[in-house]
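Shown below, as structure tokens, is a lone chain in the form predicted on its own; questions about how it binds or moves come after it.
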């Protein structure tokens, strides 16, 4: 006994119905709602076979069936092979990014909110990984008689800023001159390389030693705290699904969302395909045993890859999620300078 076309059509109908209702599905429901030309008895027999094959579970003796993780895996694999990704989300996503800022962390935060809004699940966006970002520009801006705002802009679009103490004798023209010197000395260097270079710069500009030492401290702090930004949207969305009506399960999920380093490790796991779909136990995370994680990549102009992810119940609307993520990945890649028309391609 194997999976033939009729069994797959019935299984697909059960998954689609369960995704929408979260209620165990019976043979009469499939017979009435889906025009398959099959009797309720025939569908019931096929459902028994599907249960024996491990694609369906029966929570109670008198209840209908629910899809297993194995069923969702088959369902998602078929979606990916068929390439069922529409483009009708393009305009909606483009509208969200009109007037966008080039600062990467703000774009990531905004992308996570848009992604969660369009899917109604929890969304996570990770920055590009690979080579360390390099300094593009440094600006010192006076904010009071004895304080200045030090702004560090990197080639990844990330802006770091901090307030440092300065002499009351330094006006904005003097700060501008120091800014140009620092940019000339440090442009193209990573934060760690810039920290190593600072003592030599200070020795060459003793008249500005206090200012430069303060700036050096800022650089050192930024380098030590250079953890990747993890943007999360729609954390509470999961609480809208009956799978997380249990208080202990909901608390466990919310606790995981607060552990951003661990979340980054989970979402950052890439598979061999442009899309990675991990269902239930495949996540390898106890707190996500009833969840699915869908991830995809986007690419920056310098070839670095970031990750976008959606977390939802195993009965998530996979087709919709894959469609939205395909468009989101393309938008982020275009935004950060690849100019490619089709960033996420199915293998």
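What you see is a predicted model, and the numbers here were worked out from it, not measured in a lab. Positions refer to the first chain, counted from 1.
The next section is about a form of this same protein that is not shown, the form predicted in complex with the DNA.
A.B. asks: Quick check for you: of 61 to 69, 282 to 290, 304 to 312, 317 to 325, which stretch puts a non-hydrogen atom within 4.5 Å of the DNA in the predicted complex?
C.D. replies: Of the options given, it is 61 to 69.
A.B. asks: Is residue 38 part of the interface with the DNA in the predicted complex - any heavy atom within 4.5 Å?
C.D. replies: Yes, contact at 4.5 Å.
A.B. asks: Quick one: does residue 25 come within 4.5 Å of the DNA in the predicted complex, counting heavy atoms only?
C.D. replies: Residue-level check for residue 25: yes, a contact with the DNA.
A.B. asks: Residue-level question: is residue 29 within 4.5 Å of the DNA in the predicted complex, judged on heavy atoms?
C.D. replies: It does: once the DNA is placed as it appears in the predicted complex, residue 29 has a heavy atom within 4.5 Å of it.
A.B. asks: Would residue 47 show up as a contact with the DNA in the predicted complex if we use heavy atoms at 4.5 Å?
C.D. replies: Yes, residue 47 lies within 4.5 Å of the DNA in the predicted complex.
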